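Have a look below at one chain only, the form predicted alone, in structure tokens format.
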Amino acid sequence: MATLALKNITKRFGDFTAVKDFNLTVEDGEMIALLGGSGCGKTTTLRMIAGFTEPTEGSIFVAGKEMGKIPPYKRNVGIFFQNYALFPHMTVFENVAFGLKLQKLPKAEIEQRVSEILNLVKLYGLEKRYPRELSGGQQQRVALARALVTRPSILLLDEPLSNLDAKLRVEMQVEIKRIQKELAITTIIVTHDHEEAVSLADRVIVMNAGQILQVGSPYEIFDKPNSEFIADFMGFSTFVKGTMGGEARDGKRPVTCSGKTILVSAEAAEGIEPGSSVTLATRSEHMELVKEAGENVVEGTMQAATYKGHTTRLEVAGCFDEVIYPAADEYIELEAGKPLLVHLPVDRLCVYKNNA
């Protein structure tokens, strides 16, 4: 196992900067998620760690050793490719054993290690099958086994769950986390799926345009994004424009939104001057439809309801910049045009100062 450090990493392709001044330290056995949309630089960062792409500037260290002159095959890095990259003419055993044969290990040791890793990923007994004879989930496990069998110091996972259906994706999240913790292997996962990132990682790195926007625990990234951009990316559904009020009272500060007052926590509004234009953001599951007026209860008008199974998606117009979606099964039969009262919880509102 090894500590991974990226120091002042920049990668340019001609005039385009894919990654800019990237700094990160990953501790022994830690699992880090690089999270962001397409083109944000996360896969380029992964390829630089693997040695497939050379940084324009900066250095990469594994266990304190600089990787600049070390080719990919000598970096002891296990790589899981998005498309699995299995050899179609090889059996499961041959696919998994491929890296060990390149290392010229004795036949008996190869057989033992392949057997152990196939048992770990729950594929024991499928050694003689070819990739075409496996399900998508089984193919993914073969690719994971191949990446792990060489006992790498670092495991790199490039969009490992993107090709699976919803049910398999959840199952494999559990399996990947179990295997990673069992082996205590330093792991970097690249993903565009925020739920996947917070489910798997010890820390999440949010990226955009080649730069790090926020580093934090899954809870911090999911519930307390540090910008409106990240809040939107992380699935916040309600954004309310307003003007910041004066001093805090009882740990709360007022924000005026379309003539209505909404209270936010003083901590969330720290450093924002009175009179500043702000945006309030929250998740739909943090809001609640209520029967009576009260603190942070605003009136809206029912637009439409869509049954979603475990929740009902409500479109509510009011002092909101966009529609909101309270999780409320019991309101599916509400009629369009009906007035509703929506409670916005003080401690669940994020506050972002708008640029002038």
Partner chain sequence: MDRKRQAFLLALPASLALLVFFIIPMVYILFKTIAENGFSDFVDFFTDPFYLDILWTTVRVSLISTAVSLVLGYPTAYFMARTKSRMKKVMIIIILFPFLVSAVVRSYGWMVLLGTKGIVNQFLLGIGLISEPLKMLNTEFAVIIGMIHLLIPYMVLGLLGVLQSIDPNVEYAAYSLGANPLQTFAKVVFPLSTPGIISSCVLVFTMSMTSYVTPKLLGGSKFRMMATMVVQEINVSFDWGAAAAISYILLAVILVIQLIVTLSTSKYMKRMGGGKNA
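Note that the structure is a prediction, hence the values are computed from the model and not measured. Positions refer to the first chain, counted from 1.
Not pictured, yet referred to below: the form predicted together with its partner chain.
- Proximity to its partner chain in the model of the complex, taken as heavy atoms within 4.5 Å, picks out 46 to 54 from the listed stretches 287 to 295, 46 to 54, 309 to 317, 24 to 32.
- V77 is the sole member of A269, V77, I188, V204 with a non-hydrogen atom within 4.5 Å of its partner chain in the model of the complex.
- Residue in contact with its partner chain in the model of the complex (any heavy atom within 4.5 Å), chosen from G246, G125, P88, G259: P88.
- A residue is said to contact a partner when one of its heavy atoms sits within 4.5 Å of a partner heavy atom; G242 fails this definition for its partner chain in the model of the complex, lying far away.
- Looking at Y130, you'd find a heavy atom of it within 4.5 angstroms of its partner chain in the model of the complex.
- Contact check for P72: a heavy atom falls within 4.5 Å of its partner chain in the model of the complex.
- Although the partner is absent here, L102 lies within 4.5 Å of its partner chain in the model of the complex, judged by heavy atoms.
- Not one of S217, F222 and S265 places a heavy atom within 4.5 Å of its partner chain in the model of the complex.
- Taking its partner chain as it sits in the model of the complex, the stretch 219 to 245 never comes within 4.5 angstroms of it through any non-hydrogen atom.
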